[in-house]
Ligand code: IPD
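Okay, here we've got a single chain as C-alpha coordinates, the form predicted on its own, with questions on binding and movement later.
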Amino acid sequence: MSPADLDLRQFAVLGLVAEASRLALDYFNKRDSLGITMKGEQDWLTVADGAVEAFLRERLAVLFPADAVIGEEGGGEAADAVWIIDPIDGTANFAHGDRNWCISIGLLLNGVPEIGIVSAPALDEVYVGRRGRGATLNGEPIKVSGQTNMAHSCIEIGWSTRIPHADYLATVQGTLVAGASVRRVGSGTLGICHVAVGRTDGYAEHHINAWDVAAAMAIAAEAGADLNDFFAGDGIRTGNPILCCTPGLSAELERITGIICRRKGD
(Lines give C-alpha, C1' and ligand atoms only; values in the text may rest on other atoms or scores of the structure.)
Protein backbone atom coordinates (compact mmCIF):
# COMPACT_ATOMS: atom_id res chain seq x y z
CA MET A 1 0.00 0.00 0.00
CA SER A 2 1.51 3.32 -1.06
CA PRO A 3 1.93 6.39 1.17
CA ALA A 4 -0.82 8.07 -0.86
CA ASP A 5 -3.15 5.13 -0.19
CA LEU A 6 -2.42 5.43 3.52
CA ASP A 7 -2.93 9.21 3.46
CA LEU A 8 -6.34 8.69 1.88
CA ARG A 9 -7.32 6.14 4.52
CA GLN A 10 -6.07 8.25 7.41
CA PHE A 11 -7.96 11.39 6.48
CA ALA A 12 -11.09 9.63 5.28
CA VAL A 13 -11.36 7.63 8.50
CA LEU A 14 -10.74 10.75 10.59
CA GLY A 15 -13.90 12.12 9.00
CA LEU A 16 -15.81 8.91 9.67
CA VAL A 17 -14.71 8.88 13.30
CA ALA A 18 -15.88 12.48 13.71
CA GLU A 19 -19.34 11.44 12.48
CA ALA A 20 -19.31 8.32 14.65
CA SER A 21 -18.34 10.44 17.66
CA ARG A 22 -21.37 12.66 17.21
CA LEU A 23 -23.58 9.58 16.98
CA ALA A 24 -22.10 8.04 20.14
CA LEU A 25 -22.25 11.31 22.06
CA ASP A 26 -25.92 11.69 21.20
CA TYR A 27 -26.61 8.28 22.77
CA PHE A 28 -24.43 9.14 25.78
CA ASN A 29 -26.39 12.33 26.42
CA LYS A 30 -29.77 10.52 26.22
CA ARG A 31 -29.62 7.99 29.04
CA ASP A 32 -32.97 6.37 28.21
CA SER A 33 -31.76 5.46 24.69
CA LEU A 34 -28.89 3.17 25.72
CA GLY A 35 -30.74 -0.17 25.89
CA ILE A 36 -28.14 -1.56 28.30
CA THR A 37 -27.62 -5.34 28.34
CA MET A 38 -24.85 -7.66 29.58
CA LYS A 39 -22.79 -10.02 27.41
CA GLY A 40 -21.27 -11.59 30.53
CA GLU A 41 -19.87 -10.74 33.95
CA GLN A 42 -18.93 -7.02 33.86
CA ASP A 43 -19.20 -7.16 30.04
CA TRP A 44 -21.54 -4.31 29.15
CA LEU A 45 -23.34 -3.65 25.87
CA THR A 46 -25.42 -0.68 24.76
CA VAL A 47 -27.37 0.18 21.63
CA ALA A 48 -24.62 2.69 20.85
CA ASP A 49 -22.00 -0.08 20.46
CA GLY A 50 -23.94 -1.71 17.65
CA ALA A 51 -24.96 1.56 15.99
CA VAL A 52 -21.43 2.99 15.90
CA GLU A 53 -19.86 -0.23 14.61
CA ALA A 54 -22.54 -0.63 11.93
CA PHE A 55 -21.98 2.95 10.77
CA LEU A 56 -18.21 2.49 10.50
CA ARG A 57 -18.50 -0.89 8.77
CA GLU A 58 -20.95 0.46 6.19
CA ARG A 59 -18.79 3.46 5.33
CA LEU A 60 -15.54 1.48 5.20
CA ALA A 61 -17.16 -1.04 2.85
CA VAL A 62 -18.01 1.79 0.45
CA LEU A 63 -14.71 3.66 0.70
CA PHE A 64 -12.26 0.75 0.89
CA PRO A 65 -14.04 -2.43 -0.23
CA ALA A 66 -10.80 -4.42 -0.49
CA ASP A 67 -9.92 -3.84 3.18
CA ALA A 68 -11.08 -6.37 5.78
CA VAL A 69 -12.83 -5.30 8.99
CA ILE A 70 -12.85 -6.85 12.46
CA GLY A 71 -15.18 -5.35 15.06
CA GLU A 72 -15.87 -6.17 18.68
CA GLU A 73 -19.57 -6.70 18.01
CA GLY A 74 -19.61 -8.02 14.44
CA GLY A 75 -16.40 -10.06 14.33
CA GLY A 76 -14.54 -10.57 11.07
CA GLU A 77 -11.40 -12.20 9.69
CA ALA A 78 -7.85 -10.94 9.45
CA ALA A 79 -6.23 -10.03 6.14
CA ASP A 80 -3.12 -8.24 4.91
CA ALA A 81 -4.98 -4.93 5.35
CA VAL A 82 -7.56 -4.98 8.15
CA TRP A 83 -9.37 -2.30 10.13
CA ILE A 84 -9.96 -3.25 13.78
CA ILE A 85 -12.83 -1.41 15.46
CA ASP A 86 -13.97 -0.98 19.04
CA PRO A 87 -17.14 1.11 18.70
CA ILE A 88 -17.24 2.01 22.40
CA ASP A 89 -14.26 1.10 24.56
CA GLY A 90 -15.09 1.63 28.20
CA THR A 91 -18.72 0.61 27.77
CA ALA A 92 -19.23 0.23 31.53
CA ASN A 93 -18.12 3.85 31.93
CA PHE A 94 -20.37 4.89 29.04
CA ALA A 95 -23.36 3.13 30.60
CA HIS A 96 -22.73 4.78 33.97
CA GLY A 97 -22.35 8.31 32.61
CA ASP A 98 -18.55 8.39 33.07
CA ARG A 99 -16.83 10.36 30.30
CA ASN A 100 -13.82 8.01 30.03
CA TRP A 101 -14.83 6.07 26.92
CA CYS A 102 -13.77 6.23 23.31
CA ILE A 103 -14.13 5.04 19.72
CA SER A 104 -11.08 3.16 18.47
CA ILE A 105 -10.18 2.24 14.90
CA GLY A 106 -6.81 0.99 13.75
CA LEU A 107 -5.40 -0.26 10.45
CA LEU A 108 -3.03 -3.22 10.51
CA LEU A 109 -0.86 -3.99 7.49
CA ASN A 110 0.58 -7.50 7.56
CA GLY A 111 0.00 -7.65 11.31
CA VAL A 112 1.67 -4.31 12.11
CA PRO A 113 -0.31 -1.31 13.46
CA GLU A 114 -0.06 1.33 10.73
CA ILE A 115 -2.77 3.91 11.53
CA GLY A 116 -4.51 4.50 14.85
CA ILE A 117 -7.37 6.90 15.52
CA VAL A 118 -8.97 7.18 18.95
CA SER A 119 -11.75 9.65 19.67
CA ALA A 120 -12.97 10.39 23.19
CA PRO A 121 -15.84 12.73 22.29
CA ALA A 122 -17.09 13.30 25.85
CA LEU A 123 -13.58 14.57 26.65
CA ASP A 124 -13.18 16.46 23.33
CA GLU A 125 -9.99 14.54 22.52
CA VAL A 126 -8.80 12.88 19.30
CA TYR A 127 -5.56 10.90 19.21
CA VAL A 128 -3.92 9.99 15.90
CA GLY A 129 -0.85 7.86 15.19
CA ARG A 130 0.70 6.87 11.86
CA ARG A 131 3.72 4.60 11.66
CA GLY A 132 6.74 6.74 10.86
CA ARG A 133 4.71 9.98 11.00
CA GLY A 134 4.37 10.64 14.75
CA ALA A 135 1.43 10.89 17.13
CA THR A 136 -0.86 13.77 18.03
CA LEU A 137 -3.61 14.78 20.44
CA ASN A 138 -6.02 17.29 18.90
CA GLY A 139 -3.39 18.00 16.27
CA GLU A 140 -0.50 18.66 18.67
CA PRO A 141 2.51 16.29 18.86
CA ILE A 142 2.67 14.05 21.92
CA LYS A 143 5.32 11.90 23.58
CA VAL A 144 5.70 9.61 26.58
CA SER A 145 6.73 11.00 29.96
CA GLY A 146 10.35 9.90 29.99
CA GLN A 147 10.03 8.84 33.63
CA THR A 148 12.80 6.53 34.89
CA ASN A 149 11.96 6.22 38.59
CA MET A 150 9.19 3.80 39.60
CA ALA A 151 8.78 5.67 42.88
CA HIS A 152 7.74 8.74 40.90
CA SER A 153 5.53 6.92 38.41
CA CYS A 154 1.83 6.28 37.86
CA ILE A 155 0.98 2.91 36.32
CA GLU A 156 -2.43 1.76 35.11
CA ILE A 157 -3.22 -1.94 35.58
CA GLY A 158 -6.11 -3.12 33.43
CA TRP A 159 -8.49 -5.75 34.78
CA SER A 160 -10.16 -8.62 32.92
CA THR A 161 -12.59 -11.33 34.00
CA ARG A 162 -10.52 -13.72 31.86
CA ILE A 163 -7.65 -13.57 34.37
CA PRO A 164 -7.82 -14.90 37.95
CA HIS A 165 -8.35 -12.14 40.51
CA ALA A 166 -5.26 -13.34 42.39
CA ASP A 167 -3.05 -12.68 39.35
CA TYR A 168 -4.44 -9.17 38.95
CA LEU A 169 -3.99 -8.39 42.63
CA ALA A 170 -0.41 -9.75 42.56
CA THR A 171 0.43 -7.38 39.71
CA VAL A 172 -1.10 -4.44 41.57
CA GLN A 173 0.80 -5.39 44.72
CA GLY A 174 4.09 -5.76 42.86
CA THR A 175 3.62 -2.35 41.27
CA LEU A 176 2.83 -0.73 44.62
CA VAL A 177 5.79 -2.42 46.31
CA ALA A 178 8.03 -1.01 43.57
CA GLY A 179 6.90 2.45 44.68
CA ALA A 180 4.48 3.41 41.90
CA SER A 181 0.95 4.67 42.29
CA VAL A 182 -1.70 2.53 40.58
CA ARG A 183 -4.86 3.57 38.79
CA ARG A 184 -7.60 2.04 36.64
CA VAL A 185 -9.69 4.21 34.31
CA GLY A 186 -11.75 1.41 32.75
CA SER A 187 -10.77 1.81 29.09
CA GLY A 188 -7.73 -0.07 27.85
CA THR A 189 -7.59 2.07 24.74
CA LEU A 190 -7.50 5.31 26.71
CA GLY A 191 -5.08 3.73 29.18
CA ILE A 192 -2.54 3.24 26.39
CA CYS A 193 -3.25 6.70 24.96
CA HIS A 194 -2.63 8.21 28.38
CA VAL A 195 0.85 6.65 28.35
CA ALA A 196 1.39 8.12 24.88
CA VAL A 197 0.59 11.63 26.07
CA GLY A 198 2.53 11.30 29.34
CA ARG A 199 -0.41 11.40 31.74
CA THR A 200 0.68 8.01 33.05
CA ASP A 201 3.96 6.15 32.72
CA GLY A 202 2.77 2.63 31.92
CA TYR A 203 -0.21 0.43 31.13
CA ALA A 204 -0.32 -3.34 31.68
CA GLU A 205 -3.07 -5.93 31.35
CA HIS A 206 -2.67 -9.70 31.37
CA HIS A 207 -5.32 -10.28 28.71
CA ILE A 208 -6.93 -7.80 26.37
CA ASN A 209 -8.53 -8.05 22.93
CA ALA A 210 -7.17 -6.75 19.64
CA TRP A 211 -9.91 -4.13 19.21
CA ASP A 212 -8.90 -2.57 22.54
CA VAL A 213 -5.28 -1.99 21.49
CA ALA A 214 -4.88 -1.90 17.69
CA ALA A 215 -5.33 1.85 17.30
CA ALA A 216 -3.73 2.84 20.59
CA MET A 217 -0.60 0.81 19.89
CA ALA A 218 0.05 2.80 16.70
CA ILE A 219 -0.34 6.01 18.70
CA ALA A 220 1.84 4.93 21.64
CA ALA A 221 4.61 3.54 19.44
CA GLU A 222 4.88 6.85 17.60
CA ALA A 223 4.90 8.71 20.92
CA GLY A 224 8.01 6.76 21.95
CA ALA A 225 6.55 4.00 24.12
CA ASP A 226 7.98 0.52 24.50
CA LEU A 227 5.36 -2.15 23.70
CA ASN A 228 5.23 -5.92 23.72
CA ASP A 229 4.59 -7.85 20.50
CA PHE A 230 0.84 -8.07 21.06
CA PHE A 231 0.04 -9.41 17.60
CA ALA A 232 2.40 -12.37 17.91
CA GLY A 233 0.77 -15.78 17.54
CA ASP A 234 -3.02 -15.54 17.38
CA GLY A 235 -3.30 -12.21 19.21
CA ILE A 236 -5.49 -10.67 16.53
CA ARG A 237 -8.15 -13.34 17.09
CA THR A 238 -7.81 -14.44 20.73
CA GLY A 239 -6.07 -11.51 22.40
CA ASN A 240 -2.82 -11.35 24.39
CA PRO A 241 -1.21 -9.51 27.30
CA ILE A 242 -0.28 -5.87 26.74
CA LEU A 243 2.50 -3.79 28.23
CA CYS A 244 3.00 -0.19 27.13
CA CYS A 245 5.35 2.12 28.99
CA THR A 246 7.87 4.89 28.83
CA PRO A 247 11.20 3.20 28.00
CA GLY A 248 12.91 3.99 31.30
CA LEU A 249 10.45 1.75 33.19
CA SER A 250 10.42 -1.22 30.82
CA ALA A 251 12.80 -3.46 32.77
CA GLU A 252 11.00 -3.00 36.09
CA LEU A 253 7.54 -3.46 34.62
CA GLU A 254 8.68 -6.55 32.74
CA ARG A 255 9.88 -7.99 36.03
CA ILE A 256 6.59 -7.23 37.77
CA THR A 257 4.23 -8.32 34.99
CA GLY A 258 6.21 -10.98 33.16
CA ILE A 259 5.29 -9.27 29.86
CA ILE A 260 8.34 -8.56 27.68
CA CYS A 261 8.57 -5.43 25.52
CA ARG A 262 10.05 -5.14 22.07
CA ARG A 263 12.76 -2.46 22.09
CA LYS A 264 13.08 0.08 19.33
CA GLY A 265 14.90 -1.50 16.40
CA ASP A 266 14.03 -5.11 17.39
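We number the residues from 1 along the sequence you see. These numbers were taken from a predicted model, which means no experiment stands behind them.
The same protein also exists as the form predicted in complex with D-MYO-inositol-1-phosphate; that form is not shown, yet it is the one meant from here on.
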Discussion item. Given the stretches 82-90, 171-179, 146-154, 117-125, which is the single one in contact with D-MYO-inositol-1-phosphate in the predicted bound form, using a heavy atom cutoff of 4.5 Å?
Written reply: 82-90
Practice prompt. Would you please decide whether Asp212 lies within 4.5 angstroms of D-MYO-inositol-1-phosphate in the predicted bound form, comparing each non-hydrogen atom pair?
Written response: yes
Item to complete: State yes or no: in the predicted bound form, is some non-hydrogen atom of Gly158 no more than 4.5 angstroms from a non-hydrogen atom of D-MYO-inositol-1-phosphate?
Response: yes
Worksheet item: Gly186 near D-MYO-inositol-1-phosphate in the predicted bound form, any heavy atom under 4.5 Å?
Response: yes
Practice prompt. Report yes if any heavy atom of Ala223 sits within 4.5 Å of a heavy atom of D-MYO-inositol-1-phosphate in the predicted bound form; otherwise report no.
Written response: no
Fill in: Contact assignment for D-MYO-inositol-1-phosphate in the predicted bound form, among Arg237, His207, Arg59, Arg199, heavy atom within 4.5 Å
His207
Discussion item. Going through 57-82, which residues have a heavy atom within 4.5 Å of D-MYO-inositol-1-phosphate in the predicted bound form? Please give them in sequence order.
Written reply: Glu72
